[in-house]
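Only one chain comes next, encoded as structure tokens, the form predicted alone.
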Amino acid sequence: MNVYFLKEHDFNSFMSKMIESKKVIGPVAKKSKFVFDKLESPEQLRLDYDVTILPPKKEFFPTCQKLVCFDGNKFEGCINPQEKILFGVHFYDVKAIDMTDHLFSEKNQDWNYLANRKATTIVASNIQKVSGRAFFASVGKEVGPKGHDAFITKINGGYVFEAITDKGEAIVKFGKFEKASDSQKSEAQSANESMLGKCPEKLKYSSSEIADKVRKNFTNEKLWEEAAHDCFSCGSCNVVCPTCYCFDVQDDWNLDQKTGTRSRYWDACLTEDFSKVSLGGGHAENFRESRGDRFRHRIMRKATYLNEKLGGPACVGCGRCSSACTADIADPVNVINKIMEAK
């Protein structure tokens, strides 16, 4: 790994050259919020963002993704990866991408996701502002980010740029980089470590303790019904989650009833119809009919079910679910701490 320094007054030139050469996606302002979007100029880039509305996984796994186009008995896949640079990803979202990479790579590999993922260079960045519901410092501490190609940290007078992979090293050519000094490296490390102490929310227990006690409360129906009492079953917490990966597949037929497309859409386990299955003859069965059952399933998925597979919980502490929940009941910190403190 090579570590470089870029002076602050050279940063816009670096970004301009990169934008001219590649498709660059980065955090930009959208009224009072932030989103990942294509950059047209370096002035759009907001590395001082707190958290984006939707996670960067949408660049590999779009909210609506065409899978197949068909015409009678003929069909053609719609995979069409575009080379791009995803710039300014916070470390918790890199961790979420790592998890999604693993989940879409195991067993039958999902190339609709992986093709987009492999065509992307990820440049992570330090957190300059912490969102109001974040708890990334206290969740999954045993798992670090690993899927990024470079990491850029703002320090006094400029930026420290760590090129981790060959793809990350290839970006250096766009700027007037010089070798970083030991003091600059140390300042970058301190800048990143200091933000961990600024999370407004905190889980009070280890991942293994949480996984064990949450699972033991699986049959505590009263607990789950109370936790979900005000749930609207809207699925907002699922939609903004960087580690949720469920989808629904639908065929859209054209008027000729011969041609059309098969697409997949993000789906949400908190919605009432998610667990409804057809029994034929106009009958259906919903195996998670109550709000409590659906709420329990979400917490189990984040805190327990995937821990062994992922090495830690399927939650990265971004706080998006807490902010998106209209009823303000989706916050994993509140739910988990309540479970942990119950007798």
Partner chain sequence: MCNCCSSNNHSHNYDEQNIFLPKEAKIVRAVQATATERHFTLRMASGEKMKFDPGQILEVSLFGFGEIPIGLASSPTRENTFDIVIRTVGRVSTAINKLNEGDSLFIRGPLGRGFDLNLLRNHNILVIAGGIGLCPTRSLIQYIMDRRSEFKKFSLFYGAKDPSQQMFLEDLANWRKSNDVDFHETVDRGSDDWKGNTGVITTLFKKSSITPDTKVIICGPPIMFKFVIAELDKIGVARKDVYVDLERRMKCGVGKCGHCQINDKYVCVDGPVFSFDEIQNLEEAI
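Numbering follows the first chain given and starts at 1. All figures in this text were calculated on a predicted structure; none of them were measured in a lab. Take the two forms, find the largest set of C-alpha atoms that superpose within 1.5 Å, and that set is the rigid core.
From this point on, the text means the form predicted together with its partner chain, which you will not see here.
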Can you work out which of Ala29, Cys69, Ile53, Cys64 has a heavy atom no more than 4.5 Å from its partner chain in the predicted complex? Cys69
In this chain shown alone, the residue from Glu162, Asp267, Glu187, Glu201 with a heavy atom within 4.5 Å of its partner chain in the predicted complex is Asp267
Within 4.5 Å of its partner chain in the predicted complex, counting heavy atoms only, one of 268-276, 176-184, 204-212, 142-150 shows up; tell me which. 268-276
Indicate whether its partner chain has at least one heavy atom within 4.5 Å of a heavy atom of Asn112 in the predicted complex. yes
Mark Lys57 yes when one of its heavy atoms lies within 4.5 Å of a heavy atom of its partner chain in the predicted complex, and no otherwise. no
How about Phe232: is it within 4.5 Å of its partner chain in the predicted complex, going by heavy atoms? no
Does Arg288 make contact with its partner chain in the predicted complex, using a 4.5 Å heavy atom cut-off? yes
Could you run down 235-260 and flag each residue that has a heavy atom within 4.5 Å of its partner chain in the predicted complex? Tyr245, Cys246, Phe247, Asp248, Val249, Gln250, Asp251, Trp253, Asn254, Thr259, Gly260
Shift of Lys31 between this form and the one not shown at or above 2 Å (CA, core fit): no
